[in-house]
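Only one chain comes next, encoded as structure tokens, the form predicted alone.
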């Protein structure tokens, strides 16, 4: 049973059924001048238009396809960076592909500040207001936490940031939001937004960056000038199709999927409360139903994760991009204790999980936690 959907998801069955056709019909280089190359180019642009529609972007804006959301985040921040950039503001809760970029910028001598988190995992708005000064040129705040599922009020953050410095560029990592909750770039007010295919039942190795008209970026990958010169390299058309189609399917079924996954989450928490386990849930208010972050006190997360794996259950313990590192920066920023951090697991759901699986998941967790605690007593 797979409950680590925040790290990756299985490719949608409807998409899988179309891959052979797409591969046979559109394997040509979209940059080719021959007829089939032009057809592949037209297919690529159709996929791009689907992405525009999914996030309510204007045709005057830009969608740049990348090799991952990590690359899209790097393009967003490094692409904006100038010698005279004054100040960069990011949150303590960002994914490593933003947070580590910010640390690199700081290492290069740029003025970078980090906004703290509330106990529930959201950006602390009061701290944001204190640090959002008129010399902040770049802001990057995620929509949904990949660690806890906490949802930031991005539109409110954007509104405040623009009231202080109308020229600041606001980027949003929406990887855990797009295709799961409503994402409208105009309602959010963001200048750039990152998304990923493999988090919403597309394939790995494909991301995209939305760029509002008027935002000027420099490329971080140089070559043949594809993607309006912002991301050189022959486009991964098959992968881009999976992103486009996954977004179409997800957005068509957004409310139904949301309600179904919310039912899974409620069942998980209700069943868990039936057992005599000591645990802490780290984010419940203003939270995505797709992610539950919790700690089973007295257990080491890595050992518990491996015990569950031996029983055929896959769960996570934080960002897959930094799973080999000790500690948990996000939970630390939320003020969680060392014991809570060391025992933290992340359960993340998808539309393919079932109620019966969730009930069995809770049984397996109870077995593993009880067995672990019996050994250490």
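Quick caveat, the model's predicted, so the values are computed rather than measured. Positions refer to the first chain, counted from 1.
Note that the form predicted in complex with ligand PLP isn't included here; everything after this is about it.
None of 68, 50, 333, 317 but one reaches within 4.5 angstroms of ligand PLP in the model of the complex through a heavy atom, and that residue is 68. Just one of 146, 293, 242, 91 comes within 4.5 Å of ligand PLP in the model of the complex, counting any heavy atom, and that one is 146. Proximity of residue 193 to ligand PLP in the model of the complex: non-hydrogen atoms within 4.5 Å are absent; the residue sits far from the partner.
Using a 4.5 angstroms threshold between heavy atoms, residue 142 counts as touching ligand PLP in the model of the complex.
Using a 4.5 angstroms limit between non-hydrogen atoms, residue 178 is distant from ligand PLP in the model of the complex. A residue is said to contact a partner when one of its heavy atoms sits within 4.5 Å of a partner heavy atom; residue 257 fails this definition for ligand PLP in the model of the complex, lying far away. The candidate stretches are 156 to 164, 303 to 311, 196 to 204, 120 to 128, and the one lying within 4.5 Å of ligand PLP in the model of the complex by heavy atoms is 196 to 204. The three marked residues, 6, 73 and 173, each reach ligand PLP in the model of the complex, with a heavy atom inside 4.5 Å.
Contact residues in stretch 71 to 110 (any heavy atom within 4.5 Å of ligand PLP, taken in the model of the complex) are 73, 95, 97.
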